[in-house]
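A single chain, nothing else alongside it, follows as structure tokens in the form predicted alone.
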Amino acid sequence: MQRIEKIIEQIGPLDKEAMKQARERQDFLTKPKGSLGVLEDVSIRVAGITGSPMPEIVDKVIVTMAGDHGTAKRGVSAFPQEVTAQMVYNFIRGGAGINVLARHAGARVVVVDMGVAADLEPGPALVNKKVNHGTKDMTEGPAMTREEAVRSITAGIEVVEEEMEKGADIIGTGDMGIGNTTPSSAITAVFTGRDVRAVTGRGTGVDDAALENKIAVIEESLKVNRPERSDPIDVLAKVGGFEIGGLAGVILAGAKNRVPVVIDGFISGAAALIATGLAPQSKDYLIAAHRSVESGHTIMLEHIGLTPLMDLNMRLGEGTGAALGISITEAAVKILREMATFADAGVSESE
């Protein structure tokens, strides 16, 4: 826990002077003021995050973390648990949706085993941070021990620090884990105080009966465990997942290292609830890529205070939305860096 606390202590405020200079430059680019809308806002935010009024994005990384969940046996997903391991191998081979969109965005995909319920074949394309072989069934007690929750967050911090040494200057978050919308809904219910039904969606596309079962599973988990909202580690340990904890660590380390963290959908949002619960200042370093179809996603984004860049009716996860969000963020930064000012272009300004 000391390492996590040290990281949190090192998360500083956005650089207001860099943001001021970036805003002034935006106002003198060859366009009407504010005409590029959110792109202008994003570029100014990235200036504040990086401390540079002319930020540049070169090394793009998407961290996709995988973990299994004990509640998967409760019929909360349309897919069997073994799909988690199978999809990890698909990521490694480059055949998944995240691989396609990461290639499109020019980003590397870092695949991390946080807690898959199988022993995966080791190799250079897989980062092994396995905390355990999946979480426990949270309807019967805590999903993990407090020590495992701390280890999962610490593992996420370690992954980012390793990528920073390679030159990463923007990080996207992604996930894989059959059944992981269930703990994400539970986490959302705890932090937002909203009714379980309001924050629980269909995940992989379950039917009405399975959705009712999923809601009942979450309600039972909260009743059994009584997670304490004021203690994010307790929430993670009782109703979370190893990949969710890992992504929370990614967010904290990204904020500490002053790099933008583009979060994906519902699972990444649950990680953001944990991270911002531990370090409220980390919210300033987050860019929400999109609004997921999952019903609780809008609620969690509003609770954190984030406005998504896109709404494309997506709910795949893996980091697919983050890949597109990184592409938009890079475009915003390029506008700030590469677009000519009125003086540069010899164009008359507005009267």
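Numbering starts at 1 and runs along the sequence shown. Remember, predicted model here, so these are calculated numbers, not experimental data.
The discussion below concerns the form predicted in complex with a further copy of the same chain, not included here.
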Check your understanding: What is the one choice in 131, 218, 96, 159 with a heavy atom within 4.5 Å of a further copy of the same chain in the predicted bound form?
Key -> 96
Check your understanding: Heavy atoms within 4.5 Å of a further copy of the same chain in the predicted bound form: which of the stretches 26 to 34, 278 to 286, 62 to 70, 294 to 302 has them?
Key -> 26 to 34
Check your understanding: With a 4.5 Å heavy atom cut-off, would you call residue 315 a contact of a further copy of the same chain in the predicted bound form?
Key -> yes
Practice item. With heavy atoms only and a cut-off of 4.5 Å, decide whether residue 334 touches a further copy of the same chain in the predicted bound form. Key: yes
Exercise for review: Look up in the predicted bound form whether residue 204 has a non-hydrogen atom within 4.5 angstroms of a further copy of the same chain, and give yes or no.
Suggested key: yes
Review point. Looking at the partner-bound form in the predicted bound form, is residue 211 within 4.5 Å of a further copy of the same chain by any heavy atom?
Key: no
Check your understanding: If we check a further copy of the same chain in the predicted bound form, which of the residues in 327 to 345 reach within 4.5 angstroms of it by a non-hydrogen atom?
Key -> 327, 328, 330, 331, 334, 335, 338, 339, 340, 342, 345
